[in-house]
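As structure tokens, one chain now follows by itself in the form predicted on its own.
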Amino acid sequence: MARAREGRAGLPKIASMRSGRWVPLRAMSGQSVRTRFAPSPTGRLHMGNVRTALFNFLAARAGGGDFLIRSEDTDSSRSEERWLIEAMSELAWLGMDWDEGPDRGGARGPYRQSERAEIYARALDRLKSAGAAYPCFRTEEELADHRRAQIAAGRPPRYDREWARLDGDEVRRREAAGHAPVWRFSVPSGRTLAWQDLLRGPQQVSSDEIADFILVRSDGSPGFMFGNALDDALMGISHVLRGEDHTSNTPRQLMILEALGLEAPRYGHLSLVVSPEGQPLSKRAGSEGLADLRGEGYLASAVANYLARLGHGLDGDDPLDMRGLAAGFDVGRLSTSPARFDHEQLDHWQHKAVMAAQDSELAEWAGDGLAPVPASDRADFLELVRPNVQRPEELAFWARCLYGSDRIEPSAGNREVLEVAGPAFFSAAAAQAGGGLDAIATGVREATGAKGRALFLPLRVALTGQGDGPELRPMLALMPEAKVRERFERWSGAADDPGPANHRE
């Protein structure tokens, strides 16, 4: 068979960080750990998809094994290359790396299902020869009529295996007439199908509860059950962590692999990630994805640390890099209860990520928003504002506030603070503008008798327009003296300068 055509035009090579970075930490079992993430490129990844990818990645690194990406792109009417490119770019931004995939190849490729047609055809031939697969010529309309008839008769709507009894001559006649069948798996009767779920323990189901299911569609493309199971086995996947909505697929895939004489991976079914309202996340429902969070200014470290704890116990409350998250990953600490996506918790990790970030990371994060700050002041400025910023636009606001030329207006409710303090208050403050907080406070106190909150809140509002923010003392040390004096002098004549009352720069 021809080798995979990896590195297709338009698909960026994402640099590997594998070499020399990861070391074996803990094996999940006696065998080598090899996991995968297999997105269908039919839309953006939602956060449930991303968490699944992250858990598989951490499981591989925790076990000192390999992690790969495979594109399940056989739905030609909906699959688009741009979604695969975006998915890999976003996972790389999050801090994940993979050993094999569509962008870099590998010994078990191709890594796009659309390029594995010969592999599926050979496997289907083996199932046909073993009597485990048969053609079904029923149309969608006929299947719908059959389901309605069963429901009307009070029976569960199940496929009745009528076409399994079609003789070879009739199959050939229909094919010669241009009718393309789907190929179904012939489920054996009277069997108990048992497996050990990595999260949920012993599981079993009777084969009599499973209807014959589609292996290959009428256009020749593999159905999910067939392609997914076959690729996992041929790519040597040892462990599969996937959503609990796939639990019913497991006995079907175990039967396929048994019929082909292939070894099945160990399956673990994760609790679903649900919205704050408790609804399952979905691509089609427009659920928030990594691209959205990135656009909102969340740092990769914040998202990774939050997702690694979403339905998974980790000790401590300090942000960890990917090596640390892998060291703490344990399948035994995965919860089977629904995991609710909580923006407050994500914001908690955003704050920690901002506090822990290197100056260079914050500078890249802020982009042009840091432009007003002189290079000589940037380290001190970033140290000052870290506790008060969660988004790049907030950092940009403080940069303009301390160094920009625009006029600062008090935020809603704070203009009254300035009016109550009065012109004499700010005349005294302006007179001491170059002396730092102690000199300003002393001058105002002696001139007006103000102290405590009545002293320091008007100073803050006059300088920044805000009722809270970075510490006053280091902020005054960074602000140019002329700017400090200008802002105090403006309010020494506040009664003559009404200005807009509810403007924040």
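What you are looking at is a predicted structure, and each value in this text was computed from that prediction instead of being measured. Residue positions are given as counts along the sequence shown, with the first one as 1.
Not on display, but discussed next: the form predicted together with glutamic acid (GLU).
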property: Heavy atom within 4.5 Å of glutamic acid (GLU) in the predicted bound form - the one residue of 72, 347, 394, 97 that qualifies; result: 72
property: Candidate from 50, 38, 62, 476 lying within 4.5 Å of glutamic acid (GLU) in the predicted bound form - any heavy atom; result: 38
property: Non-hydrogen atom contact residue 365 with glutamic acid (GLU) in the predicted bound form at 4.5 angstroms; result: no
property: 4.5 angstroms heavy atom contact with glutamic acid (GLU) in the predicted bound form for residue 228; result: yes
property: Residue 386: touches glutamic acid (GLU) in the predicted bound form, heavy atom cutoff 4.5 angstroms; result: no
property: is_contact(residue 378, glutamic acid (GLU)) in the predicted bound form, heavy atom dist at most 4.5 Å; result: no
property: Candidate stretches 38-46, 464-472, 448-456, 435-443, one within 4.5 Å of glutamic acid (GLU) in the predicted bound form by heavy atom; result: 38-46
property: 122, 126 and 183 all contacting glutamic acid (GLU) in the predicted bound form, non-hydrogen atom within 4.5 Å; result: no
property: Residues in 191-224 close to glutamic acid (GLU) in the predicted bound form, defined by a heavy atom within 4.5 Å, in order; result: 224
